[in-house]
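One chain comes next, on its own, written as structure tokens: the form predicted alone.
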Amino acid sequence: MPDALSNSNPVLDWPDGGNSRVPYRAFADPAVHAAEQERIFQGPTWQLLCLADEVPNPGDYKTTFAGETPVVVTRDENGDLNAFENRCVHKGALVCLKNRGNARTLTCVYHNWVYGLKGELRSAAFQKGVKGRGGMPDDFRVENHRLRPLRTAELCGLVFATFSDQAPTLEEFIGPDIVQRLQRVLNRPLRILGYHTQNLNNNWKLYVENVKDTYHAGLLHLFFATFKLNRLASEGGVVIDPTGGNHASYSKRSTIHANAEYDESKLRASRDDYRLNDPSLLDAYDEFGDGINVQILSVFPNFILQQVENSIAVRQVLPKGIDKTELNWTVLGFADDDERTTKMRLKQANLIGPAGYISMEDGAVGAFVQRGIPGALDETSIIEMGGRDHVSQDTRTTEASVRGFWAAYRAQMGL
């Protein structure tokens, strides 16, 4: 991940303490938010746009966002994937208004400027005027105008894109260790089972921090610890790429045994008086043959892949202002799943999502932080669990991958 902006004027004074101290101002300053759009979301990073299966046929398109920038993904006549900004070059209006569709060309409703599936301008209505009057200047050429393109790349059925010509390849950006962990789960053709969209009342970085925070999982999530899907005492760890921005945490349910840290404590996330009316919710099998029942993977800045038992989903984190975030979930199975496996995945999907038995707390805690910091923007959080570096560790009682996020963030932001 290149440090392409290290000489830019910093928009934030970073405190002493390196990546183990994060100023609360980073979550609440309009200037920081504006700089992120330029330096991160339109900079040399790769962001998830959609799944290839969402645009399977020539003429298919899907609208989405790269940061706060509206984007269109298309499958052109040759079967190639394209991505470009969803903004007419004429007056700046959205070109595609629907979430998904199929078309031979894309037309802006405002003045009927028409674009091809690669984003090139095909025609401008009444370019030559009417009855010899009006029209565009003689030197206007449609071939000189197009919707701003993004580089696209597909990996494991996921479509990523970047605005930058300076970004490395997608695989180089993610790094071999995290690519391997991605391919571990998405190891065969996918089947889309459904979608969730969640609106969060907090800055986008607070959610990404939470995803990378392996320390909280067995403390915040009562369901995880009570029903012994995930405890900090179980075998597991965190893998972090050298830039810090990409990570995968994992744990093994079979190694959860009685331990004093939970069973003899008064931790909120340890209850022995809760039962499930339908225990089949937790019926699961070792799908990948390595005993890992939970793996959470992230790619900087805002992509997440989850495997919780046999519930698989990708998440796209989109900033919608300083203190608003849109979280899009795509629930997945595999093309070769039988009916029984699909039903099991759909039942387990209730563990994760806006109202998931596990993840509903994640939708709340970011807002607790956002509400807690207004009077302390010059203060900092303390991120020292597991040390002050961001190297891989064989424990999840650590905040190493959170520090890794801030290492990558500071490099992109020039802080």
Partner chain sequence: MDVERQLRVQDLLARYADSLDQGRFEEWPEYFTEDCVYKIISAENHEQGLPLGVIDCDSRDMLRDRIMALREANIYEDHRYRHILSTTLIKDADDTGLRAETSYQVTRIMRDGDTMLFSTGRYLDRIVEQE
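Numbering follows the first chain given and starts at 1. The model shown is predicted, which means the values in this text are computed figures rather than measured ones.
Quick note: we don't show the form predicted in complex with the partner chain, though the next part is all about it.
- Exactly one listed residue, out of 87, 196, 184, 253, brings a non-hydrogen atom to within 4.5 Å of the partner chain in the model of the complex: 196.
- With the partner removed from view, the residue among 278, 339, 336, 139 that has a non-hydrogen atom within 4.5 Å of the partner chain in the model of the complex turns out to be 278.
- The candidate site formed by 68, 111 and 125 is entirely out of contact with the partner chain in the model of the complex, as no residue has a non-hydrogen atom within 4.5 angstroms of it.
- Contact check for residue 355: a non-hydrogen atom falls within 4.5 Å of the partner chain in the model of the complex.
- In the model of the complex, residue 361 approaches the partner chain with a heavy atom inside 4.5 Å.
- Although the partner is absent here, residue 349 is a contact residue: one of its heavy atoms lies within 4.5 angstroms of the partner chain in the model of the complex.
- Contact check for residue 223: a non-hydrogen atom falls within 4.5 Å of the partner chain in the model of the complex.
- Partner proximity in the model of the complex, defined as non-hydrogen atoms within 4.5 angstroms of the partner chain, places exactly one of 77 to 85, 236 to 244, 340 to 348, 114 to 122 at the interface: 340 to 348.
- Contacts of stretch 81 to 102 with the partner chain in the model of the complex, defined by any heavy atom lying within 4.5 Å, are made by 100 alone.
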